[in-house]
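Single chain ahead, by itself, as structure tokens, in the form predicted on its own.
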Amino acid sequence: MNPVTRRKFMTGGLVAAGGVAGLAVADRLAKRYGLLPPDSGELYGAGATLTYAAQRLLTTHSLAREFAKSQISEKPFANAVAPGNVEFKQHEAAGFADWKLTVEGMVARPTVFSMSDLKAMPVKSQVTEIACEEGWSYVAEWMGTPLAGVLNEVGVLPEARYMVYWSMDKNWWDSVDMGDALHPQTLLAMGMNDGALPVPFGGPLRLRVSRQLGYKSVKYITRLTFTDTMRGVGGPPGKMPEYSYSWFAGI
């Protein structure tokens, strides 16, 4: 089956399977073409599978909406305070000079990047909206290193399917597939609204996943791990799925 025909077949089949009675059909199609999310086996797995597979088919190369600087929100909302642990406070007192990002797992060259290393790489800015599942949102300018450039530096192996990212905040973590990891709007954000990234908004380093809801843009990033399976990583595929939030939060 050629790619165009297969795409039409899969899209048509998944859309037709949108009813409750057709979720099993969507599940079989998703399995056949490798479009199962890590939470496909959970309570709402059939719906999660349908959402993930349909979005991956229809929006593979789509971009999140970008705004003019004049549309930046006057008072962005920070929904959490900085980590209260001693290690973070020591980093903050030192101006985050010794903050490190470890990149490991299925990569050719495991690397530890300093903030200076990341700032020396090409920098991109984008004015995008961060939307929370709780109903609030704001528009901000985010500046940082495109994650795809870092992945080129370490040589992510073609077998890798997921990127797991870890925060210093109570071992907070999440994961995305390689489609979002390599997306041109996914940033290792170090700046916000023409300045350094404020601590309440994730400074010194935050993953900005522009095509998904805000909880996927985890703050205080210290480690990226590449893997071909989410089994054995430690429970559900992220901290929020532990609270029954969907793993894929595409918008």
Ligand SMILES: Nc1nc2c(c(=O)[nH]1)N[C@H]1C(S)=C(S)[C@@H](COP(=O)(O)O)O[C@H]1N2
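When you see a residue number, it is the position in the sequence shown, counting from 1. Remember, predicted model here, so these are calculated numbers, not experimental data.
Below, we refer to the form predicted in complex with the ligand, which is not included among the displayed structures.
Although the partner is absent here, Asp117 sits far enough away that none of its heavy atoms falls within 4.5 Å of the ligand in the model of the complex. The ligand is not drawn, but in the model of the complex it has no heavy atom within 4.5 Å of Phe88. Put simply, Ser210 is far from the ligand in the model of the complex: not one heavy atom of it is within 4.5 Å. The shortest heavy atom separation between Asn79 and the ligand in the model of the complex is within 4.5 Å.
Of the candidate stretches 175-183, 79-87, 154-162, 98-106, only 79-87 contains residues with a heavy atom within 4.5 Å of the ligand in the model of the complex.
Taking the ligand as it sits in the model of the complex, the stretch 158-177 comes within 4.5 angstroms of it through a non-hydrogen atom at Ser167, Asp169, Trp172.
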